[in-house]
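This document starts with one chain, in the form predicted on its own, laid out as structure tokens.
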Amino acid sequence: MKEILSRWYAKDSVKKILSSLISILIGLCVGALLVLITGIFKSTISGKGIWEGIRIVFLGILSTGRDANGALSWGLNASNLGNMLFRATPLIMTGLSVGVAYKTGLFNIGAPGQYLMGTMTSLAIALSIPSEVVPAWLIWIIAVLGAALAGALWGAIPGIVKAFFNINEVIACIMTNWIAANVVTWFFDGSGFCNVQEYGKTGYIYPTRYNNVATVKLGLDKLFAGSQVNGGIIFAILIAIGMYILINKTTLGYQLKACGSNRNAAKYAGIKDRRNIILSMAISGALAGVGAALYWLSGNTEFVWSTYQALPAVGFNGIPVALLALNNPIGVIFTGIFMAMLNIVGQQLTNLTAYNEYISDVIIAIIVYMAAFSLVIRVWLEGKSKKKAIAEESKEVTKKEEE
């Protein structure tokens, strides 16, 4: 058994997974420490309140509220679980967007802009084509495909300048992010999609349910009653599996990774490096665009159109999702769900305790910071395994000498 565990521990993939888990654990522990320190220095929070806050940090997804006596109650909360899956959908897609590009040697920090372009296109299509003329399900499909195309075109721009002018894709992505923010604001500012019927919400775009367009539930609304969950999470998981197959099991995936590993060597081997760089960024952009469509086409979400003031956090959160998953498309499914869970934990802290939800943002920030140091953690784990191997060898030598 000991030999099996040592062989298992010696695998590089195991060390990578452990480094990600350690990053998550450190983030949660720091979050609990912040809850403790805040509670000590805030007179309105009692010792019981501190303990409740710490428990919610680790187990908030299982909180069902408070019972008749005011004590925290625990169990499977269908609404929380459903909302977690709903929020995980765009995170999985933006995580895939960043991870797939990174697999091909590119750092796609342009997911927020690609997400915005997908948002604009999907909402414009979903709200402008009358569902009395075209079936709602067909409008939904056209909107998703339109979002994918818009995201792909926007992602291809940094790819083009990288391929032909060798301009760093990070710089190009940052510029296209803010251009997208202003384009989207300009478009909706001059459109008739602003929601003025519900309490004069001029800063919001109509939910797509106004045109009877909504993502199918696939029975998930019954399984997770009272939540926003829909079939989008299923589509996101299927896309993640498809990207895993594309990257690891196809000729195109091999060519994309070859260009990422060594562009000059790939070019020498006959691989079209420029085409693959542009294609990689286009695929990444399409994934982010589809993530936006799956979120905003749910039928019950309202988009704030003044996007020039701030870029969508979900685009940037795709970076830690990809980092924690080690850029593995299958791993992105789980890390996307985990990040969504932290959002629910933040809500629970606000609703059930005297703390605010920003503690969950700090936890995410710490996890992101530690994920960036995952290589250091991995080296530390490898150092421990080497020391253990040396100690075992010395024991064997000692035994042989004694014999």
Partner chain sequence: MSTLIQQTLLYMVPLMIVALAGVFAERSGVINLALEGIMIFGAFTGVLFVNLVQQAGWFTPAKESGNWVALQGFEILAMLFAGIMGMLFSLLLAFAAINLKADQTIGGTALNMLAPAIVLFIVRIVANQNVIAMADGDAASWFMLKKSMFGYGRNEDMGFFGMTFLNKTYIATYVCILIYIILSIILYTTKFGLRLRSCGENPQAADSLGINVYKMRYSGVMISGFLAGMGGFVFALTAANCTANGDVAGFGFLALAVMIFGNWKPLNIAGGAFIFGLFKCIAACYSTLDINGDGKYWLVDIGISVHVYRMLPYIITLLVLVFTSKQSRAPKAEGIPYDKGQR
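Here the structure is a predicted model, which is why all the values come from computation and not from measurement. Numbering follows the first chain given and starts at 1.
A second form of this protein, the form predicted together with its partner chain, is not displayed here; the remarks below concern that form.
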Next on the checklist: Please tell me which of N262, N248, S73, N182 lies within 4.5 Å of its partner chain in the predicted bound form, judged by heavy atoms.
Outcome noted: N182
Checklist entry - Which pick from L223, I167, L138, V304 sits with a heavy atom within 4.5 Å of its partner chain in the predicted bound form? => result I167
Item to check | Interface membership of D189, its partner chain in the predicted bound form, 4.5 Å heavy atom rule | outcome: yes
Checklist entry - Looking at the partner-bound form in the predicted bound form, is W178 within 4.5 Å of its partner chain by any heavy atom? => result yes
Item to check | Distance check, Y206 to its partner chain in the predicted bound form, heavy atom within 4.5 Å | outcome: no
Next on the checklist: Contact with its partner chain in the predicted bound form for N328, defined as at least one heavy atom pair within 4.5 Å: yes or no?
Outcome noted: no
Item to check | Interface segment, criterion being heavy atoms within 4.5 Å of its partner chain in the predicted bound form, picked from 169-177, 251-259, 281-289, 231-239 | outcome: 169-177
Next on the checklist: Where, within 31-52, is there a heavy atom within 4.5 Å of its partner chain in the predicted bound form? Residue list please.
Outcome noted: L34, T38, K42
